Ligand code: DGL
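Read the single chain below, which is given as structure tokens and is the form predicted alone.
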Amino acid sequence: MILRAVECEKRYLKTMDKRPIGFFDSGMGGASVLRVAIRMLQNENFIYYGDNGNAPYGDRSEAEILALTSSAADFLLEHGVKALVIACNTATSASINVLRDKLDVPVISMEPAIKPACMCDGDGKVFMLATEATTHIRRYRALLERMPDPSRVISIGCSGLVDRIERGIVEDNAFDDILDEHLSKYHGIKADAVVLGCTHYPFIASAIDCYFEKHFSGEHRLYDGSMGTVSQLNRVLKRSGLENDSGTAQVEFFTSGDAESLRPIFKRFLTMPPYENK
């Protein structure tokens, strides 16, 4: 009886790990993943670090991205995180293997949701929109080659979108010029799926949806990896005995940029409801 009581106490203590979960992105994009985590993991605490001072990562080399991501991970470890989510497709592609070898906490990766997108029915194309860096990094190219029909996927680096979103601009009509620059040559093609391959892009999902509705044929559907990433985080916390079963989610915000001007944008992004496919 005493042994059973001790075992019950140990299980209870294992589910009371109040240490925060670290979220990292090159800027504000990771807030799209964090808002899902806050909804799904309501007892957990979170620390968010945006490397806004060095953003965007999309046009940087793989070596630069690895160095910046490693530095951010060290910052979050110094703040006592129990797990780390690289809430940035570009940073994940460049650094996830190194970070997992280097760090003593679980590291959860992020990748473009091309797998579920490629499973959708239809004979149209899957458009994968991401940063320029993501489309060229080896990890993404290897992921693409594992798809049933890699030729179905059109990978497009959409330089310029992140810069505008970082300024808090998310209106539906505010991105047609940039989207035209990258997508006009594909107008009229049948699109079965559009992958939001950068964590910034869910904030302008409506703008992207409207653009494809106007310029492409087919009944496309939008895909992003936020839910899958948070589901994996939840599994890792449970498997490692790191979950917290009591309390209310608390969020701390840090940035390498101007915190005073960026904090209101961060709070706005956190409270934006996720876009739902029609």
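So that there is no doubt, residue numbering starts at 1 and follows the sequence shown. Please read these numbers as outputs of a predicted model, since none were measured by experiment.
Form predicted in complex with D-glutamic acid (DGL): not shown, discussed below.
Colleague: Examine Leu76 and determine whether its closest non-hydrogen atom to D-glutamic acid (DGL) in the predicted complex is within 4.5 angstroms.
Modeller: Taking the distances in the predicted complex, the answer for Leu76 is no, it never comes within 4.5 Å of D-glutamic acid (DGL).
Colleague: May I ask you to state whether Tyr223 is within 4.5 Å of D-glutamic acid (DGL) in the predicted complex, using heavy atom distances?
Modeller: Taking the distances in the predicted complex, the answer for Tyr223 is no, it never comes within 4.5 Å of D-glutamic acid (DGL).
Colleague: Check Tyr57 for me: does it contact D-glutamic acid (DGL) in the predicted complex (non-hydrogen atoms, 4.5 angstroms)?
Modeller: Contact with D-glutamic acid (DGL), yes.
Colleague: Just checking whether Val81 would be counted as a contact of D-glutamic acid (DGL) in the predicted complex - the rule being heavy atoms within 4.5 angstroms.
Modeller: So Val81 does not count as contacting D-glutamic acid (DGL).
Colleague: Contact check in the predicted complex: Thr69, Ile96 and Val107 versus D-glutamic acid (DGL), with a cutoff of 4.5 Å between any heavy atoms. Do all three pass?
Modeller: No, the candidate spot makes no contact with D-glutamic acid (DGL).
Colleague: If contact means a heavy atom within 4.5 Å, which one of 126 to 134, 185 to 193, 172 to 180, 144 to 152 is the stretch that engages D-glutamic acid (DGL) in the predicted complex?
Modeller: Going through the listed ranges, the match is 126 to 134.
Colleague: Need the contact residues for 65 to 102: heavy atom within 4.5 Å of D-glutamic acid (DGL) in the predicted complex, sequence order, or none if there are none.
Modeller: The stretch 65 to 102, when checked against D-glutamic acid (DGL) in the predicted complex, contributes Cys88, Asn89, Thr90 at the 4.5 Å heavy-atom cut-off.
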